[in-house]
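Presented as structure tokens, the chain that follows is alone, the form predicted alone.
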Amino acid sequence: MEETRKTVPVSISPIGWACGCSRRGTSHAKDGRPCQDAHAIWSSSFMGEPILAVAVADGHGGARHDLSHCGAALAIQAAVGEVIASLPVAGSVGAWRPVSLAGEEEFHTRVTARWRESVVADAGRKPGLSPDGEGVPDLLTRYGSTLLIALIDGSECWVGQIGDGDILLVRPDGSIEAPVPKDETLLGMVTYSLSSRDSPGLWRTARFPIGAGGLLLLATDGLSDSFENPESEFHVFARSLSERVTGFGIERVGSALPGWLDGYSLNGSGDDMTLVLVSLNPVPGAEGFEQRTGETGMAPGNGTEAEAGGGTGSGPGGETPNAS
């Protein structure tokens, strides 16, 4: 399969490990369309405090969103760029946190503004595009994309999401948390977007302590759409991935991601797929951590998940219209 975009697993001490992969869907390959997903993993530290930023974007595709593959790439750049811009200047006093309790809305606004500025700048470099004030809304629609973000330091994780996609946390005991509940107001294949007129107010966010650790998953909707019952079977898949990471290590799991995602796209939604995994180490002294032994097989899923693995598919999810 062409257009593999894979991140070699990287260690971010003491947070854990992270890796990711974006794959062009079978329907996109058949039609000659590019992969409209993108992801980024960025890590650093400030005054000895570790920082990890993860971003996943899904361009909408379709005739109205013909530049959405560019929009997705600009979205992850805007997310990471705003994290970098938020770092205190040299000589600042106090610890840095990914997003302060009082600054979440401001952070969303800045990410959206940075993305829109990047879109206008990118369009200005393309022949035949001359963005002006009246034409900007239509231009943003052409670049439309969803965006998922996870910002992690040594003790807590903040997640934000606009549009569809999945963010799950599998704890060491096998329990699964969905920090950002699905928006039940959206019907069918409609999704919110960075290009939506009121996008700063459409974000859904959550924060949680790393505590006992676990496996954090960020995925575009093409993956969960490949399961007949995403609400339950995708959770089985997520739990299975956690078991594989525990048993075989994230490096081996990361190397297997392209083949797994290709299989789900071929037998399921046909859409582009992106999956980013963050294996979170437990915070020293946290309760609830339980070391588990690995399974004997590498492929994700148990008998229940294997039945769902082929999926019936629901058509190319990248073709979803946005809610602008």
Partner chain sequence: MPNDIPAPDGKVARRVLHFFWLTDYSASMGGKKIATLNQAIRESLPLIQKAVAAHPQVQVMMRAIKFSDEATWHVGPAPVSIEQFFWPELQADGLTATAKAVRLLISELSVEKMPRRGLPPVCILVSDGYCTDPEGEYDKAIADLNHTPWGMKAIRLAIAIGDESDYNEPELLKFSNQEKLGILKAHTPEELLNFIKWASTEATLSSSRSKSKDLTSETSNVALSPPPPTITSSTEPF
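Positions refer to the first chain, counted from 1. A quick note: this is a predicted structure, and the numbers were derived from the prediction, not measured.
One more form of this protein, predicted in complex with its partner chain, exists but is not displayed; see below.
Quiz item: Pick from 207, 114, 252, 204: which has a non-hydrogen atom within 4.5 Å of its partner chain in the model of the complex?
Solution: That would be 252.
Quiz item: Ok, 122, 177, 228, 156: which has a heavy atom sitting within 4.5 Å of its partner chain in the model of the complex?
Solution: Comparing distances to its partner chain in the model of the complex, the residue within 4.5 Å is 228.
Quiz item: Only one of 167 to 175, 210 to 218, 241 to 249, 72 to 80 gets a heavy atom within 4.5 Å of its partner chain in the model of the complex; which is it?
Solution: Contact-bearing stretch, as computed: 241 to 249.
Exercise. Determine whether any heavy atom of residue 237 comes within 4.5 Å of a heavy atom of its partner chain in the model of the complex, and answer yes or no.
Key: Taking the distances in the model of the complex, the answer for residue 237 is yes, it comes within 4.5 Å of its partner chain.
Quiz item: Could you tell me if residue 274 has a non-hydrogen atom within 4.5 Å of its partner chain in the model of the complex?
Solution: It does not: once its partner chain is placed as it appears in the model of the complex, residue 274 has no heavy atom within 4.5 Å of it.
Self-check item: Proximity of residue 281 to its partner chain in the model of the complex, heavy atoms at 4.5 Å
Solution: Outside the cut-off, so no.
Quiz item: Does residue 197 reach its partner chain in the model of the complex if we count a contact as any heavy atom within 4.5 Å?
Solution: Yes, residue 197 sits close enough to its partner chain in the model of the complex that at least one of its heavy atoms falls within 4.5 Å.
Practice problem: Taking its partner chain as it sits in the model of the complex, which residues of 264 to 284 have a non-hydrogen atom within 4.5 Å of it? Please list them. | Solution: 264, 267, 268, 269, 270, 271, in sequence order.
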